[in-house]
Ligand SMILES: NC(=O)c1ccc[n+]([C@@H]2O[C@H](COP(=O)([O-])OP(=O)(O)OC[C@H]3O[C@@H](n4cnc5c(N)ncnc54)[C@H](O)[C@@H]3O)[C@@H](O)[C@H]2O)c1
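Taking the form predicted on its own, here's one chain by itself in structure tokens.
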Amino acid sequence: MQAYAGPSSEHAQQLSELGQSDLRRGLILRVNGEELRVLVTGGAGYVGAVLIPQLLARGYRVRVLDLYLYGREVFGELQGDPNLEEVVGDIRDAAAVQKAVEDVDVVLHLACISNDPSFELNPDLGKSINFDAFAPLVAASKAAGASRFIFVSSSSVYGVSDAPHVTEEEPLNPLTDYSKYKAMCEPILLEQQSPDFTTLVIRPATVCGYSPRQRLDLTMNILTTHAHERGKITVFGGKQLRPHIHLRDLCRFYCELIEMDAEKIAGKIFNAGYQNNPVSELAEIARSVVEQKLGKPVGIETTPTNDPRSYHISSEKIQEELGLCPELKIEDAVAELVDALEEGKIPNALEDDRYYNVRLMKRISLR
């Protein structure tokens, strides 16, 4: 295994942001004297584009398995980092999976058709990626000697709930195929828990914030983009509760979970969220931040919706048991998105298909 060669120019800043204690801890993580190897499936997506630099900054050797539907430039200068290996492949391809899991210590599974509209374009495709490929990936990872498998499920598995705080013990009520298959994958993984194979399920809230592989089809990101680009926000319904977490906080959680003592997480499920707001309040947050930063008025228009999903997740368990607490608010996500839009980092925000999963899926006709 090649020795750690030091940070590239782009993720040197990440090292500074992590702090010296994290740097020392990250660079001494070893398996048999060598750096820990982490496989991130779907690692070239919205979350992965922020997570991979954080992992490299901590000193891991990182392998990404992804179809790269949204382009190969997502990691920028990091593509020359000797600790980053990119495997272009499909998780439904047994040969690609076998290559990807070889010699890895931790698997973090992000790859999926990642929202309801994209899933509904081709339900058979969605099922083949989000469910059918899951058990073979878990089996291949375990057989290859991986010691930890982290599955990124979704808080949408709760569907509609009247509980004031939806904990991990709340019955699941998935309302769409996307959330149904996320829920069905969870027991498949947890059944494989063993002393040599630590399994963990994370149910994240809706993610928000800027990424080099930007998505603008997520609730807070949509509201912010419309406020900036159109000067008007359309709210569908408004009373539905939506839990959110900042993208950088979530990626920090994933890094910590990779390093966490096995006995703290083995065979467990954790929600990962922060703020819970009605959609109408989220629109007001977007309007307020955009108006403050740009000094121009933003209007809000409300229209009926047939989307019944509403839930208020509790993230007390992950905070109390693991000490993982968010630091960034929705307002921070809005502010950084406005900055990115102003700086030209998200050109043609309303027109470019690459920011909208369902639009890109329609164009490429993935099978």
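For every residue, the number given is its place in the sequence shown, counted from 1. Every value quoted in this text rests on a predicted model; they were computed, and no experiment measured them.
Omitted here: the form predicted together with this ligand. The next part is about that form.
- Proximity to this ligand in the model of the complex holds for all of 68, 92 and 129, with the criterion being a heavy atom within 4.5 Å.
- Just one listed stretch, out of 261-269, 136-144, 107-115, 226-234, contacts this ligand in the model of the complex at the 4.5 Å heavy atom level, and that stretch is 107-115.
- Contact annotation for residue 173: none of its heavy atoms lies within 4.5 Å of this ligand in the model of the complex.
- Contact between residue 182 and this ligand in the model of the complex is found at the 4.5 Å heavy atom cutoff.
- The closest non-hydrogen atom of residue 289 lies beyond 4.5 Å of this ligand in the model of the complex.
- At a distance threshold of 4.5 angstroms between non-hydrogen atoms, residue 204 is in contact with this ligand in the model of the complex.
- Of the residues 334, 313, 44, 62, just one reaches this ligand in the model of the complex with a heavy atom at 4.5 Å or closer; this is 44.
- In the model of the complex, not one residue of 254-279 has a heavy atom within 4.5 Å of this ligand.
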